[in-house]
Structures are given as C-alpha cells and as structure tokens.
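Given as structure tokens, the chain that follows is alone and in the form predicted alone.
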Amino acid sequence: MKTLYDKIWESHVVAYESEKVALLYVDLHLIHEVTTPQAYDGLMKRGRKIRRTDLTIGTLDHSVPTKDTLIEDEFAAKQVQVFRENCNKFGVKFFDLGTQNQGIVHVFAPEMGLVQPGMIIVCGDSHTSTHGAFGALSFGIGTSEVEQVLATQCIRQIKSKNLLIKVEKRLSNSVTAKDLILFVIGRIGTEGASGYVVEYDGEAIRNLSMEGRMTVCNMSIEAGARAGLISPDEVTFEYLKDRAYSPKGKTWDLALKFWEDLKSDSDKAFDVVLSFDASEIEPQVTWGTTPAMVTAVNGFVPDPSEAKNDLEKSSYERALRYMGLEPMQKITSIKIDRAFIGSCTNSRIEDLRMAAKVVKGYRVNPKVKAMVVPGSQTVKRQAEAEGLARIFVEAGFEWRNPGCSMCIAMNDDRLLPLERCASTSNRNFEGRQGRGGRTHLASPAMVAAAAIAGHFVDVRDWRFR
C-alpha cells in the first residue's frame, strides 16, 4: 500500500542514492527576486545554462511596493532590477510589475493553471507547500538548491514519513479554512509534523474550495511538515478546467484520467493518523509568537503557570512580554492598531469576498489603519469588477497593488515597534511584520471585523449589513 506522497515521489525518481535519498525530477520551478540572484551568479560563474527554461517561471512579489511601481528602497530596487536582467539573459518567462498576471508566486501560479496534480513543484520560498492543495508535491528550497534545479531540473531529497490528518464532520458557519489549520497547529504544535509530509482528508477538507485547501496546505510547514497534500477530486478538476496553462482537448482527457487515480491506497499506508472533529473548531486568533500559540476568539491568553513543562512556561512568558499581553486576558479585549488582509495564505478572491461581506456598510475604527492587498493582478481586477474594492475603500481600507506586502516586511509595508496587527498572513514570529511589531493571525472575516471594531470580536455574532 502506498500514499499519494509515495506515488508522486516514486514516479519522479531519476536515481537513488540510498533507500531514503533520491534525485527527483522537477516539473515546475517557480522563482522570484529574493532567492535567485546568488543562484544565477552561480550559473554564470560555472558557465552553465538553465536546463529547462520552459519549466521555470517567475514573478516579482517579495520586495515590491504595493502603493505604486516606484521602488524607493535601494536594496529592493537592486533585487528587482537584477531579477529582470537575469531572467532576460537566460530566457526565463516572468511577470513584471503592472503586467496582467503579476502577483504573489503562490497565487498567480495556481490561477494560471501552472500547478497540476501529480507534479513536483519547488520554489525558493517556504510556503510553496500551498500547491499541495492540487495533489502536487510542493516544497520550498534554499538558494543553493535553486541553482541546482536551474542547472539540472532535478533536486536531491530525503524521503519523509507519511502523516494523515483527518478532519471529520463539517465546519460551523463563519469558521474557515484558516481557523481549521490554526486549530490543527495549535493541537499538534510547531514540530508536530516534523519529518513528515502531511496529507489532509475528511469531510471538512473535502468540503473546502480550492482557495480553502490552498490556505490549509500553505500553513502545513508551520507545523513542521515538509509539505502538505490533498488528493485531487472534482473540485480540483473544475478549478483547473480552461485555465491558461491547463491541458486542452484530448490532452485534458488524458490528464484527467491520470489525475483521477492520484490518491492514497488506504489509511493503513500512513505512519501516523491523527483525527479532529471540525464541529469543535471555532474562529481562531493567535496570541503569541508562533502559529501554535493560538486559541478560540472567545478564549483567554494562557497563564504560563499552567504550562505543561518549564520549556513551555518560559516560551509563554517570553511571548507575553513581546506581545504586551497579560495572563488570562480575554482575546476580545485585545485592541489593534493595524489590520492587514493579504499574503499567499489569504489574498485570493474568496478571501476578499469573505472580508468585504463583513466590512460592507461599516467604517474602519478611527484608531486602526487597515489595508487590503490582493494576491495578484487577476484577483485585483476581479475584486474591482465585483465591487469589492469599492466596499473596502468606502469603509476606509487602503486598496493596494499585488505583492507579499506586510506578510514579510521586505518592502515598504511594515509595522512600527509595538504596533499591534490583526493579519491574515501565515507567521507571527517576533519582527516578522516589522521590528518590534506584534502580529495576531486570523481569518479574513475575523481581521475585517477587528478592523471595524478596533479589537477582536467573534465574527459569528457579527451583524451583516
């Protein structure tokens, strides 16, 4: 018996180094401006070419500003310019600022149909796991590995173990994929999936849209996983149909036949199986400095004295000091200064629709600065056509251009020291959104509601207008 991960791995082995170490063929290499300069330099020093320019595609997202296309930061401007020069020199297709398909690497690739079931996909970015939502084995790689893939179209990998996470029953109203994955990470911890590739299954997973599945797989690495996977089904196939890079005609029929067989043989094929009840999941908010430091919105900041051990106690104490919170403080009492809706986790059209539904008819709290950053030019155009952008602007949100923005603060969008932000992004590490900034992760609906109220509220009690 084999898992989906086993099957994809075995079908891509070029050569075995040992039983657990192999050279794997890469079907799609996604690149951006931050992790490629040294890789390109390495190629040029060795006089090498890119092995498969047709399987390498790039975008600008991490360092770029979202207010306009003028890059004021000298280092960021250099990164962008070097990326352009390198892609043009080596003949790699990429999407420049302002072009029709530019966007966050993990948003534009799926919406163009580049990501397909059964593939191995790599990128010099940890949240490449996003693409596992399509039944593709997708993972982040380092800069030296980026050079390796550019030169050979192959990657050396150590085989992970198999973990199945089943989420049974249905999610309650106003509980989202973001709440689901935060709940799971809160239960198993930031190292709970270390050494594993995680496959998600169960009624709650199958009922998710592709956008929701991408959110779940996106944050798999926050539990320590090498990658996240969801086997493809009719939801996947319907999403992929007629997209720019999706197969067409008879090729589509052949691809569909192959994709339909991409599934794990049995639960018994997994090394570990964990099960959760979706009906127990409530809207989640992180209180600390890892995604595992999370609780339900109607809960409380934990008391370090009730920690399981000394290590957990000290980590709780440090997190509370950094976050400026008190033990047993109500989550709903936490006031915010900023609200950020965006990132490769939650910047797709479904996320913006969800947030706009909450925002409609309200105004952003006068003490809060709020911004919406669509994940791609395609999402931006669609949101504007649907009137979502107008709803946000009328409510007092800033409406920006696509980019990673405040998720990583490698650009102009960042928190000031001690500023507290409700964010739809994936990491709440110390300084992640700006030096000394304090980040609380939540769903688009929860962040939108917090922006209006000025503090966290239970979106299940929201009065929609």
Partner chain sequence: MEKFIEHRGKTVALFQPNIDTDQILPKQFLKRIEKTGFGDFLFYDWRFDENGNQNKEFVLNQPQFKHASILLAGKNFGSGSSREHAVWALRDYGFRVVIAPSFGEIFYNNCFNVGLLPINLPEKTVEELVRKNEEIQNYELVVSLLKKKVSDDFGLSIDFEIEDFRREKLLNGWDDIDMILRFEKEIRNYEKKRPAWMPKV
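Values in this document were obtained by computation on a predicted structure and should not be read as measured data. Numbering follows the first chain given and starts at 1.
Heads up, the form predicted together with the partner chain isn't pictured, but that's what we're talking about next.
At a distance of at most 4.5 angstroms from the partner chain in the model of the complex, all three residues G142, A151 and F429 contribute at least one non-hydrogen atom. Using a 4.5 angstroms limit between non-hydrogen atoms, Q38 touches the partner chain in the model of the complex. Contact annotation: S126 falls within 4.5 Å of the partner chain in the model of the complex, judged by heavy atom distances. When contacts are judged by a 4.5 Å heavy atom cut-off, H455 does not count as touching the partner chain in the model of the complex. Interface membership of T190, defined by any non-hydrogen atom within 4.5 Å of the partner chain in the model of the complex, is confirmed.
For the residues M371, L114, V364, I281, the 4.5 Å heavy atom test against the partner chain in the model of the complex is passed only by L114.
Shown without its partner, this chain lists L325, M119, A269, A296 as candidates; in the model of the complex, only M119 has a non-hydrogen atom within 4.5 angstroms of the partner chain. Annotated contact segment (heavy atom within 4.5 Å of the partner chain in the model of the complex): 155 to 163, selected among 155 to 163, 202 to 210, 376 to 384, 391 to 399. Interface residues of 200 to 227, taken as those with a heavy atom within 4.5 Å of the partner chain in the model of the complex (partner not displayed): I221, G224, R226, in sequence order.
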